[in-house]
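Take a look at this one chain, the form predicted on its own, written out in structure tokens.
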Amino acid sequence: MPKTPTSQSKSANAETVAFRGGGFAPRPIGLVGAMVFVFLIAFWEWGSRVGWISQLVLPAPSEAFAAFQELVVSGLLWKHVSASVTRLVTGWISGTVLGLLVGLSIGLFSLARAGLVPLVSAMFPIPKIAMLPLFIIWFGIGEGSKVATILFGTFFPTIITVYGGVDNVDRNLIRMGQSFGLTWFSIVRKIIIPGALPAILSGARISASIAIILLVAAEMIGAEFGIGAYILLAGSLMATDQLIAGVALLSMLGLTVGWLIGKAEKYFLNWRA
């Protein structure tokens, strides 16, 4: 049917509708995060130099950087960082793997859920620092007690995030897989685990932060090397510049772990784009 002059004029005057399907996806915005850090450090340095911030309470970033340089020159930086990273990786990976296994068991099997959820609910609220003296009695003052503290602290949060993620998988997807004749193992591998993965990786961020906190607490008891031991020594000597340098090391350690988990999220969750 040929278009009338009226319909042609309406088509010519029609406006293009903007795309509305962005899905609230976050956009990476350059170096904004780095600029925030630079601004805060510059403001801190300026406040220290003009006397707004007391040097006794909070030394300037330049003084903390000088203490960091001394740590590098003395060769102690690698000893402290390597000791902490070894304990963190061993305890966190062990707790995460065990938490994954137990969390998947709770999420997939009714018997495991009935038997383990009450136990997890009873053990999770216990402050993990309170267990450190008991771990020292069991495993000694060496590495065993420190790794066990980190493992215990990351184990229970991982369980909760894993079986919570399994419970939140869309049941219609599972029913669809069953209707297409997929085996139980295929449904778990292709539907349940991918569906629970966002919650699992978010839980990994939380458990990693908990692991770093417990690492410092464990190293403050009977450790010769480690970032926590370095901070404890600096605090006992009232060396606030060294104390800030140690806190900065912990911050860099946390940023590194968060960056690695972010890379894992981009790799495993690329299907959400």
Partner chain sequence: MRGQSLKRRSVLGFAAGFMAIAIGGEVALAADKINVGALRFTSHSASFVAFEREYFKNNNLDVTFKFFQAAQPMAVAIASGDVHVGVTAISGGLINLAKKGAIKVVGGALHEEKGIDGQMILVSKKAYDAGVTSPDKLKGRTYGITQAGSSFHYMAHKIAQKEGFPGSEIKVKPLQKVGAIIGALKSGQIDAWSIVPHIAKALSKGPAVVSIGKITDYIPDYQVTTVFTSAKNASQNRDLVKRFLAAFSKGAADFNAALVDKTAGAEEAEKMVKLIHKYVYTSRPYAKAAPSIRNGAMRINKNAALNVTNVRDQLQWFQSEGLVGKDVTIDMLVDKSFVRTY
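Note that the coordinates shown come from a computational prediction; the quantities given were computed from them, not determined experimentally. For the two forms, the rigid core is made up of the largest set of C-alpha atoms that agree within 1.5 Å on superposition. Positions refer to the first chain, counted from 1.
Beyond the structure shown, there is the form predicted together with its partner chain, which is absent from this document and is the topic of what follows.
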Position in contact with its partner chain when the complex is considered in the model of the complex, options A42, V36, I206, M238, heavy atoms within 4.5 Å: M238
Non-hydrogen atom within 4.5 Å of its partner chain in the model of the complex for each of L56, I221 and L233: yes
Answer range among 138-146, 86-94, 99-107, 114-122 for contact with its partner chain, defined in the model of the complex as heavy atoms within 4.5 Å: 138-146
Yes/no, I53 Cα shift of 2 Å or more between the shown form and the other one with rigid core fixed: yes
Did I210 shift 2 Å or more between the shown form and the other one, C-alpha, core superposed: no
